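Listed next as structure tokens is one chain, alone, in the form predicted alone.
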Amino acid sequence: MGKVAIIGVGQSAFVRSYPGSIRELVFDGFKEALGDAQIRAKDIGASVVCSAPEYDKQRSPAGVFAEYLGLNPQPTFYVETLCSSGSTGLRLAYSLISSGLHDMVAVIGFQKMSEISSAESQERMGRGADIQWESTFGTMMPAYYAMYARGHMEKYGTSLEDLALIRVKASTYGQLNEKAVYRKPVTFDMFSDPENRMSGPVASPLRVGDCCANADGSSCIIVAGEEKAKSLSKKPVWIRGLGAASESVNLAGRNLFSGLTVARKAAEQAYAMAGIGPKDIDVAEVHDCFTIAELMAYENLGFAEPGEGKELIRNKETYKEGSIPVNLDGGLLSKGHPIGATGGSQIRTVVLQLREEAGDIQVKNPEFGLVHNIGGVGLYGNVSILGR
């Protein structure tokens, strides 16, 4: 099996309400990726479009984008694994190239969440759970992650202050990201001020500051086989390991005290495929839809032992200068979370790091980067390891 590389990355600005159509939104990320790879649309052998369809007013958007972006008559595919759709698209692109069916594939992620109201968006998120046995009771994303937060606190002594420190870190780097929704400073004191919006309750113990925001955005990743990658790119970033897992949709069948099983299993697969371990990772992007999600990721990915993830954030080990820098683009907590575009945005950040083109957030001499992308409440999990 030949090697597979990423040769181009692109992303639109993530915004609360994009004024144009979904075609124009997707074009923003696609255009940047083409320019980065220095190719034309006709060079792409196939495209993979990633989104969560319950937010899309356009049925079968892959066909619409193929026409608009000049990707006809090449085949196009549509994939969905909720919030992890973008990294699932990368897995599909890797498979299409490794099989020999195509030598270059564009992975396009998008979501225009502002087309529906906030209440409608929350209702659709609730439908990501079992509509017969769970979501009928009114459970939504913040409530599910609040259960995991409560479990972690009860078992390991994690505190609200630990979660606040994660949001402060996100803001530290989000202010530097011109494509992020939220670029304002967040201080630790905001969480103890009852008059400050950040401290407002959402689903106990989670507060406003512990939750990411919906957003509109797009991303694009250009993936190529070894021969094509070496001929086109001076700095190809190689896909070294891929892991994926799923879990029971009903939380009644899970252990809420052990983090997300899908992340642990996907990480084990990705590390084994890459032939490395957690200590070899130089920079990581993890799925911080809530502050507790980032804390659990530290432990599920092997950066810390169970219950010890809080020590990483307390000691600033996940800052740029720390032993395992995490979410140096501000993460979902700062960037926002346009569901289908999120995985591609995470991949883009790690690619720029490995090419040493990340500007103010660049870590020193990175060799391996990791992307952790979760769909739903740990229903799907993808871990991708990239190397230069």
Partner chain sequence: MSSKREIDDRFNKFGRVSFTAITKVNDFVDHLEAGKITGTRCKDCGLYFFPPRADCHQCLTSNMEWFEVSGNGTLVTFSRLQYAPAGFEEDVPYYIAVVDFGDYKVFGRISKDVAENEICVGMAMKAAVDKLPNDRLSYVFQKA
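Computed from a predicted structure; not experimentally measured. Positions refer to the first chain, counted from 1.
Form predicted in complex with its partner chain: not shown, discussed below.
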Discussion item. If contact means a heavy atom within 4.5 Å, which one of 297-305, 129-137, 158-166, 98-106 is the stretch that engages its partner chain in the predicted bound form?
Written reply: 129-137
Worksheet item: Among A245, L251, A213, I116, which has any heavy atom within 4.5 Å of its partner chain in the predicted bound form?
Response: L251
Fill in: its partner chain: the contacting residue among R150, R264, R91, K179 in the predicted bound form [heavy atom, 4.5 Å]
R150
Discussion item. Taking its partner chain as it sits in the predicted bound form, is T187 near enough to touch it, meaning that at least one heavy atom pair lies within 4.5 angstroms?
Written reply: no
Item to complete: Determine whether any heavy atom of P201 comes within 4.5 Å of a heavy atom of its partner chain in the predicted bound form, and answer yes or no.
Response: yes
Practice prompt. Give a yes or no for Y173: in the predicted bound form, does one of its heavy atoms lie within 4.5 Å of a heavy atom belonging to its partner chain?
Written response: no
Discussion item. I'd like to know if N315 sits close to its partner chain in the predicted bound form, meaning any non-hydrogen atom pair within 4.5 angstroms.
Written reply: no
Practice prompt. Quick one: name the residues from 257-272 with any non-hydrogen atom within 4.5 angstroms of its partner chain in the predicted bound form.
Written response: F257
